[in-house]
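The chain below stands alone and is given as structure tokens, in the form predicted on its own.
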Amino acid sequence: MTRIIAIMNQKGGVGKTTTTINLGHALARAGKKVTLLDMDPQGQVSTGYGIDNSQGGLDQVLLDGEYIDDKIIVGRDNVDIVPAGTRLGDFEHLATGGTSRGHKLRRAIEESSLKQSDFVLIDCPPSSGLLGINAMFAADELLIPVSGDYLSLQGLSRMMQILKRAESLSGKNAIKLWLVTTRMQMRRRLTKEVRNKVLKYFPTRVFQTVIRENVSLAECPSFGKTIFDYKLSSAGAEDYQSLAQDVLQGRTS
């Protein structure tokens, strides 16, 4: 069974795209077939793999009805990428199609070869617009990165409201929810307080691995590399390899 996971948070700067890029590569290194869908108009997943976002991708799928299979680019061994494309932001303003607008991505995936992947990871924009709704309607699981600050907790609270609304509109069973704590500086008291609060309110839903703040994770996208390409011996590589095992085994705190 293909696991379709939307990676989303209403707050920016929590490591959402970093998690998509590096968790995807970590799962591939564990022998899984992975496809990454860049649903953020900024196109940063493509950048993180050294791929030119201007050649088109999900923008042409959602706006023009083209096939996802025609937009797949090989990113690494076992990792395929579907770029955002330069027009993806226009999809937020789509006025035609009624309620079917929210299911365009789900239908496109159903008509594609993506079901041959073990994992489809969807990098979502930090908004609750049409792109985010499409991602949630297409996904079976939702992974929310939460960084070690109180503003991130506010983003999480807003995220839960949106998820509840999406579940009521989608007409399908509840999306399985996971959380991962990211950009954590464990020597700071605030960071520990935030993680403890997340653990309190979401028991058995928080992955065991803590993604530590790491300079190499911040640097590698500018070179078009994942953390495994850029610095295999780093804390960032260690953490995302561990997170991949959490995802595969369902390991939670």
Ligand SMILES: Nc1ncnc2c1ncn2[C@@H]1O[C@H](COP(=O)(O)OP(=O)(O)OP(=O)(O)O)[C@@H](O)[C@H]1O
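In this text, residue numbers run from 1 along the sequence as written. Because the structure is predicted, anything quoted here is derived from the model rather than measured.
Omitted from view is the form predicted together with this ligand, to which the following refers.
**Student:** Do A218 and this ligand come within 4.5 Å of each other in the model of the complex, heavy atoms counted?
**Tutor:** Yes, A218 sits close enough to this ligand in the model of the complex that at least one of its heavy atoms falls within 4.5 Å.
**Student:** Taking heavy atoms only, is P126 within 4.5 angstroms of this ligand in the model of the complex?
**Tutor:** Yes - in the model of the complex, heavy atoms of P126 and this ligand come within 4.5 Å of each other.
**Student:** Contact with this ligand in the model of the complex for V14, defined as at least one heavy atom pair within 4.5 Å: yes or no?
**Tutor:** V14: contacts this ligand in the model of the complex.
**Student:** Indicate whether Q44 is a 4.5 Å heavy atom neighbour of this ligand in the model of the complex.
**Tutor:** Although this ligand is absent here, Q44 would touch it in the model of the complex, with heavy atoms inside 4.5 Å.
**Student:** Which of L62, I211, I227, V206 has a heavy atom within 4.5 Å of this ligand in the model of the complex?
**Tutor:** So the residue touching this ligand in the model of the complex, by this definition, is I211.
**Student:** Would all three of H25, D80 and S242 be in contact with this ligand in the model of the complex, where contact means some heavy atom lies within 4.5 Å?
**Tutor:** Negative, none of the three is within 4.5 Å.
**Student:** Heavy atoms within 4.5 Å of this ligand in the model of the complex: which of the stretches 65 to 73, 36 to 44, 191 to 199, 49 to 57 has them?
**Tutor:** Going by heavy atoms within 4.5 Å, the stretch is 36 to 44.
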